[in-house]
Structures are given as C-alpha cells and as structure tokens.
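Just the one chain here, laid out as structure tokens, in the form predicted alone.
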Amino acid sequence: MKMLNIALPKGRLGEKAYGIFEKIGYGCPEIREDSRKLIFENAESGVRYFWAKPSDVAIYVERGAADIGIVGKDILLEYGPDVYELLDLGLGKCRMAAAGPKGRRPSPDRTLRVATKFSRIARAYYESRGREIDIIHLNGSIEIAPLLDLSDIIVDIVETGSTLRENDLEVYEEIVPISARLVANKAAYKFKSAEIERICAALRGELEK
C-alpha cells in the first residue's frame, strides 16, 4: 500500500478534520499523544499526517510534500495554489465580508480605501463591480484601520461579528462564504487516485450522516 501524506492545519480546524479522518478509519493513535513529534504515521491505514501553519498547507500540497490537505477557502482564493479542490468539509464556516463604521457608508464617487490582509480577494471583488479601490495591506488587527481613518472599510473574515460590534463596526456586504476544503496535489491525484477517491467517498458519507 502506498503511504498517503496528509497535511492538517494546526489548531481547532485541523483537530476537527482529524476527528473525521479517525471516524472513517484513517486514525493514527500517536497523534493524540502529548509529544513534540511533527510527523505521525499509521502503516496499517497507510496514512502519514503532519501539522502545518494553516496558510502553509496549500504550499505543502501544491509542491507535493503532501498528497492531500485541509485548507480554508479563503487561502485558496487569496493565494490561488495549483491544486485540485475535491470536497467542502463544511468545517470552520464563516464569511469574507466588507465592514466599516456603523451607519457611515463610504461615498461611491471616490476611490475606496480598503484595509485587508486578503488583497487578491478584495481586488477581484471590487474590480468585478467596477469600483476603484486603494488596497492597504495590513497583517495585524485590521479593525483599527477605519477607526483611525487609515481606510474607509476593511475586508476580513467574520465569524460571529463580536469583534466588529465591540469596535462599533458593521458588515456592509458579504463577499464569499468560507469553509474548510479537502485539496489534492495534481500528480498525487493521478498516481494515488484510488486511495484519494476512497477517502473522498468515506468523508462524503460521514458528512452526510
């Protein structure tokens, strides 16, 4: 049996995703142990797991270090990795949205100043609407940008909206729904298609329960 390399995002999302793999018979007991190991394998199930920073999972898959991986739709849209998107796992559901100060919509007549760490998504969205924008790329807490008049709006992931409310901001428009996706390396999908399809079918069955 060929060993299948699976990249999981560190954190809650990866743990939830691993829980589903475990349920469908691709568990790896040592992953649950408290250790500093980075790679875990179960020869019996033919799987090898490793944890990666969420934004790096797509790179491991694209470059072939992982055959499949779990990646947020936001990362697929922002970085456009050359991978196959196989399945929406419905985990980590949230939305990409444009938000700004409550009751203070920016004028449509001038260039819109957008603070975001998702420059590509923001640019594509506003270009599709014929809106001129000035992207201000930030990596930290971007909610502060419109409060200090650095930007008119922010484009960011919104889960519950509590951070927006606490800072007197509101969602102006939703751009795209976000959730975790199963992706595959293109070459691996060709050479390990039977194993990958088997996992896909089992995941689909588990998600439909």
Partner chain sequence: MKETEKVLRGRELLELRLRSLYERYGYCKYRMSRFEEYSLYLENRNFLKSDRIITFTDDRGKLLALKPDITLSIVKGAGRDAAARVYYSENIFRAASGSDEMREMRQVGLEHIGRVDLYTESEVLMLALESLAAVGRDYIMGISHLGLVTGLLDATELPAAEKEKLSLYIGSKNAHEIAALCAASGVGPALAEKICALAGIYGTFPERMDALRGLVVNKSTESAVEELCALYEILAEAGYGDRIRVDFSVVNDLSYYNGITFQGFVEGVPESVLSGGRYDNLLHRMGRSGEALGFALYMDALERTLEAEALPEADILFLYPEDAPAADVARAVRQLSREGRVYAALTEPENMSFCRRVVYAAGEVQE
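Positions refer to the first chain, counted from 1. Being a predicted model, the structure only gives us computed values, none of them experimental.
Quick note: we don't show the form predicted together with the partner chain, though the next part is all about it.
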Quick one: is residue 187 in contact with the partner chain in the predicted complex, heavy atoms, 4.5 Å cut-off? yes
Does the 4.5 Å heavy atom contact test between residue 63 and the partner chain in the predicted complex come out positive? yes
In the predicted complex, residue 138 touching the partner chain (heavy atom, 4.5 Å): no
Quick one: is residue 94 in contact with the partner chain in the predicted complex, heavy atoms, 4.5 Å cut-off? no
Of 121, 83, 112, 98, which residue is found within 4.5 angstroms of the partner chain in the predicted complex when only non-hydrogen atoms are counted? 83
With a 4.5 Å heavy atom cut-off to the partner chain in the predicted complex, the contacting stretch among 36-44, 179-187, 166-174, 144-152 is 179-187
